[in-house]
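One chain comes next, on its own, written out as structure tokens in the form predicted alone.
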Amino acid sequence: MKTVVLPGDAMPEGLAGTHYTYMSAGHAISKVVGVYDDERKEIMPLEGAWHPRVGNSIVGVVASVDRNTCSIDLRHSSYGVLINDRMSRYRPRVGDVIESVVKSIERKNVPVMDRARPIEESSWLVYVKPSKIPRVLGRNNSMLRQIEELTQTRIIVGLNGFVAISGKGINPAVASIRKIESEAHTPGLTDRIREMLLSIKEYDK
């Protein structure tokens, strides 16, 4: 069961302190507005900025290229650093959209990226609040796979909020993501997205 929680709400017994809770008198207290998943024992925040962590997959735009490094626009005045890999065949250019992985976190919370790959130029780039990205992915990426299958698209999701979409059904894929963003706090969302996409496919026949 999923329930909406507010800052200051006490969480169920046995839940330890997490990134989105703090401990008070032996109880975990929510720090965020979010949805608590009783089955998974975790809180999905509905608001808040992205805080980079090592291993995060990101999507960004190359903002500048120097001899040894690139500056990557990650949205919300947040920039990361990509170290140019001399062994890589890919040579970044300003304006390229890339996918990469956070290798380390430097001073002032600046992420250093690694293993960059360019995303095809025909991709449509949309932005989603980072707090809603877990709902776009779904449990074990189930929501993401459903959208890709029903829209015949390839979707690359960055935990920083950028989502790159390529393929046949870009418009219905974008519509699905926008619906998820606006209804992230509601139950039964996976089924509603499926019904919406199936109705679009039926209309297009």
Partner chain sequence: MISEVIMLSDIMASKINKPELIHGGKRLDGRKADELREIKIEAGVLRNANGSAYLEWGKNRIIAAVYGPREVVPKHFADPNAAIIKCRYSMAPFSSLEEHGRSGQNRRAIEISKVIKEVFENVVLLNEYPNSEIDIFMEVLQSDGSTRAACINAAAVALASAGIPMKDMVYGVSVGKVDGEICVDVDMLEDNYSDADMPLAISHRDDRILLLQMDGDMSNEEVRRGFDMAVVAGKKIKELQREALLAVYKGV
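For the two forms, the rigid core is made up of the largest set of C-alpha atoms that agree within 1.5 Å on superposition. Owing to the predicted nature of the structure, the values given are computational and were not obtained by experimental measurement. Residue numbers count along the first chain shown, from 1.
What follows is about the form predicted in complex with its partner chain, which we do not show.
With heavy atoms only and a cut-off of 4.5 Å, decide whether E47 touches its partner chain in the predicted bound form. Yes, contact at 4.5 Å.
Even though its partner chain is not shown here, does N84 get within 4.5 Å of it in the predicted bound form, heavy atoms only? No - in the predicted bound form, heavy atoms of N84 and its partner chain never come within 4.5 Å of each other.
Is I155 part of the interface with its partner chain in the predicted bound form - any heavy atom within 4.5 Å? Contact check for I155: no, nothing within 4.5 Å of its partner chain in the predicted bound form.
Indicate whether its partner chain has at least one heavy atom within 4.5 Å of a heavy atom of N109 in the predicted bound form. The answer is yes: N109 has a heavy atom within 4.5 Å of its partner chain.
Find the only residue in V32, V65, L144, L150 having a heavy atom within 4.5 Å of its partner chain in the predicted bound form. Flagged contact: V32.
Rigid-core frame, C-alpha of S24, shift of 2 angstroms or more between the shown form and the other one: After core superposition, the C-alpha of S24 moves 2 Å or more between the shown form and the other one.
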